[in-house]
Every structure is written in structure tokens, then in C-alpha cells.
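Below you'll find only one chain, the form predicted alone, shown as C-alpha cells.
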């Protein structure tokens, strides 16, 4: 779905404020993947994902979406942005209509669909994110934080993209709201959507991502399965990153001589391992 080759982006080139945000990024995100992107503040995460739907253009290098070079003179940027939907960290920055219904309908309305088809897109997208029907005729600014986040995602989903890119979607949400939103995102992935999730929360990434790309100082420092990346706690720590708290607990148990597999980085995995050890001990 998305491929970059030697991607670099420089802000304000040639000025005293020149900043190299990302350098020599080459990656390939395939259809159906759930990819997590992590890195410390300023590592280039947001700049990178804004290239995925051509909101930013390469200073050098290439970005391809379904084989189309986004910086080609005749590239259809509207089509690219339909294929790759981007949800920003602050959902209120995406709202532009007086009701939630109209806001979700904004994208489909620009596709010259019939009113019936537009309404179908709105209701389908709202249902996917768990947005209650009675909220659709409210102002998006009257919603709670979690509801705003779901409405912003619904506005992107109404365009029926093949890839959903989310920048810190659970930031500021309470634990219940965070878990509900992550569950919805996982369900969308299970139904065929390719998902790219940017997050500072290692727990969120551990619960959802199949693959993790680690950025450090604008470059890819690590790229592999979730188990592989979280097994490199020392390297992540040197970059100012952590592993999920449950991984820390499991590592301490290993040091005490408890037989714990390396690839344990979620609470559910830890629960299964500990119950297995308990049952084994009582059988003996």
C-alpha cells in the first residue's frame, strides 16, 4: 500500500532555521498490516505519516501509494488522500461543520455522491467507531474527548480509505475511553483495514500492533515484529523509550529464575503464562 525510498524532509531549507526532520527513510507497509510507529518527541513521526497521504512532499526521495508516486506532476492527490486517511492528534483541528453528521458527510459530499449514498457512508462510519446516532445532530465541539476522537475517525472512514493513519488517537482519554477506542481500531483492522498507529504509549502499541517501526533522530532505528522490538529494552532505553510495564515485571521474574518466555509484552500474555506456571506447579 505505502512505500518510501530514501525519503528526506527538510523544513525551511537554506535558512538559519533549517531542520532535517526525517532522513533516508525506506519502508514498505503492506495491505492488511497493523503497524505501530514509536519514537521520542521530535523523532520525525508526525512528519513521516504526513507524507503517507501527500500532506507533506519529499525534499528528496520518493513516496508511493498503491504504486503511484505522490510527487509526480500528474499524481491525483485527492485520490491518494481518499486511499490513505489521516486522523490528527487533536480532533478539533479537523472539524469544520456545525453538526457531527455534516462533518462526517463532508468528504463523501465532495465525491458527488447521491444524498442517500452520503447518508449511508455517514451511518456506516459512525457505527464503525461506536458513535451513538443521537450524537450525530450535535455540534462536534459539544462532544466529550472520546466522542470527538471517534467523530474525527468517522469523518475519515466515511471516505472508505484502504489505510487509516492515526496520530496519538488515545492521548488525553481516560482508561475506559482508551480501551474502547483501541478495541474499535482493532476491529476495523480485523475487517480488512490497513492501520498505522503513532503513539507514545507502549501499552497501546503492545495491545494492537503486529509490527513496530522505531524512529530516532529522523531515521529508522528498528523495524520488526512487536515481540522483536520489545525484546530490545536496552536499545529502546538508550533512545529514551521504554517497553510496556508488564515486560519490565516479566524481566524481573526471569532474573529471579522464573521460566518466562521472552515474547511477553501484554497483560493477557502475562496472565496466560502465570496461570500456566501455577497449574504446572500444582500438578507436580
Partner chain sequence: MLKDITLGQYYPGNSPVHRMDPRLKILLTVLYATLLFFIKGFLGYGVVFIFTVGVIGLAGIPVPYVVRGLRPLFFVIVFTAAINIFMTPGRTAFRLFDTPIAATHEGIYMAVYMVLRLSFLVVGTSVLTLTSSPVALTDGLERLLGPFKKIGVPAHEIAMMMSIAIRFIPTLMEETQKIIKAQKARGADFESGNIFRRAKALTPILVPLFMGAFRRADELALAMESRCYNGGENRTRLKQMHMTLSDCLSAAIAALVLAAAVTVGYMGIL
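Small disclaimer: the values here were computed from a predicted structure and weren't measured. Positions refer to the first chain, counted from 1.
The protein also exists as the form predicted in complex with the partner chain; that form is not presented, and the subsequent description refers to it.
This chain is drawn without the partner chain; in the predicted bound form, the residue among 68, 55, 27, 253 with a heavy atom within 4.5 Å of it is 55. For the residues 181, 86, 121, 209, the 4.5 Å heavy atom test against the partner chain in the predicted bound form is passed only by 86.
Between 100 to 108, 193 to 201, 122 to 130, 209 to 217, the stretch whose residues reach within 4.5 angstroms of the partner chain in the predicted bound form through a non-hydrogen atom is 100 to 108. Within 4.5 Å of some heavy atom of the partner chain in the predicted bound form lies at least one heavy atom of residue 81. Using a 4.5 angstroms limit between non-hydrogen atoms, residue 176 is distant from the partner chain in the predicted bound form.
By the criterion of a heavy atom within 4.5 Å, residue 231 is excluded from the residues contacting the partner chain in the predicted bound form. The shortest heavy atom separation between residue 112 and the partner chain in the predicted bound form is within 4.5 Å. Contact residues in stretch 138 to 160 (any heavy atom within 4.5 Å of the partner chain, taken in the predicted bound form) are 141, 155, 156, 159.
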